[in-house]
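In the form predicted alone, a lone chain appears below as structure tokens.
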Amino acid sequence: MTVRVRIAPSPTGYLHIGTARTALFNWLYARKNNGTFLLRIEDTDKERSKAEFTSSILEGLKWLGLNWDEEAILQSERIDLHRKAILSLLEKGLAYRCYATEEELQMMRDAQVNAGEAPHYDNRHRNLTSEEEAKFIDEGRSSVIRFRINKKDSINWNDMIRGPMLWNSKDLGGDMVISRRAPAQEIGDPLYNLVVVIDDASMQISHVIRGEDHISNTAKQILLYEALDLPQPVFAHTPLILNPEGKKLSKRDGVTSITDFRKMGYTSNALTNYMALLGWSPPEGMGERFNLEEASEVFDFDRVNKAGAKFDWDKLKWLTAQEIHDWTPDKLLKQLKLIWSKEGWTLPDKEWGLKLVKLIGPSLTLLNDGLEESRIFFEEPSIKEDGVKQLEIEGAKEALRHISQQLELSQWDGLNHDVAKQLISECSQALGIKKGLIMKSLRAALMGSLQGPDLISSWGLLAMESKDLNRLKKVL
């Protein structure tokens, strides 16, 4: 079988990590089987679909490296095909118009709840006579179109993750609405379960890989495939992504969109690496760190779990940090320059930038950590409380004054590691002050705090721009 899979997000919000993980599994399966990965934007919800969300989806997938193989399809451009299918079902007697008003339907549901029943459509307009239908039309009633579901039917399929599946049609809530309410004799906007079947069939989708929250939709869609005499794809229902409490991950849990993960400083490879681990177990010996190409060589649904996968922020941060620490200074500098430029920061030269990333790189967990870690090299810091207390210690300012004078008098070409250590030693001997006090005082004056990266290396970077002497003088 030629593998053709798709991801079909709705542009009613930013690209969610759950959707992105589904896209990843589809992409990996396509690559493993030399298949085709397709993108369909399901934009038929006219009120909630927005262009900015479509852009977010496209940009997010590209950033993750999940590029699609054919031109992206907009579902809204295929509405004539969807309506043609609905007309076919009406003509075959497999669908009908339901004129029940929203008020009547609500009364029906309320009565069912009061009787201890699960709310469902009672098929009240399934067998209207022509006279009854004419009466509703004369009353000016609009109608939805419903697909007939036989309560005695059962739906079976073999799920690639969950194995044999059985669904009783009596549990599907009655005859299914396949088009929204519209004036009598018209066809309203086609609805999800119908349009998905038509689009997947016309796109020749061989495998539908999506979240387990679609299982009931799969049962309904199989009935539509059969009614429309369309080839049925193979189904796979992936586990949900859960929060630490075991509930479905949602916006209430904080960041869930790929756009936000990117803004926070997670790397694309670390995120795809982590998403793959959310429900899939790599083969023995592969380890937990890998890239897309490596994962695509071994990906298989036999190793996808049925149970939900709990999201672990610490694990994602660890994977991000490990990747950043593996980067060359040139690659890290390229990434950090994008962040620094948003602050209006520019490098004096590449050599200076490389020295800076070599200094701060080992301490980074996220790329955005490079903002605060490097701020003192671009902006003069305010002296924090621990720095103020340090500078008030007897001998602190005397030592800084001595070093400032030596810097002004010196003919050294740059402040390298050896020169910096020599200045501190000479100051200690000349003034009878311990080196530890001198170094802490230098750190307070140059960095504004007793915390931060290596003092000597930091001092050298500041000296390359002649910022060190200005900061020393300012605290005297």
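These figures come from a predicted structure and were not determined experimentally. One-based numbering along the sequence shown.
Not pictured, yet referred to below: the form predicted in complex with ligand GLU.
Within 4.5 Å of ligand GLU in the predicted bound form, all of K32, F290 and D300 (non-hydrogen atom): Checking in the predicted bound form: none of K32, F290 and D300 is within 4.5 Å of ligand GLU.
Contact residue in the predicted bound form, from R141, H125, R375, H214 (heavy atom within 4.5 Å of ligand GLU): None of the others qualify; the residue that does is H214.
Proximity to ligand GLU in the predicted bound form, single hit among V196, L224, A85, M275 (heavy atom within 4.5 Å): Comparing distances to ligand GLU in the predicted bound form, the residue within 4.5 Å is V196.
Non-hydrogen atom contact R210 with ligand GLU in the predicted bound form at 4.5 angstroms: So R210 counts as contacting ligand GLU.
Partner proximity in the predicted bound form: V5 to ligand GLU, non-hydrogen atom cutoff 4.5 Å: Taking the distances in the predicted bound form, the answer for V5 is no, it never comes within 4.5 Å of ligand GLU.
Residue contact check: Y96 to ligand GLU in the predicted bound form, 4.5 Å heavy atom: No, no contact at 4.5 Å.
4.5 Å heavy atom contact, Y192 to ligand GLU in the predicted bound form: Yes, Y192 is a contact residue.
Ligand GLU in the predicted bound form - contacting residues of 40-56, heavy atom within 4.5 Å: Contacts from 40-56: just E42.
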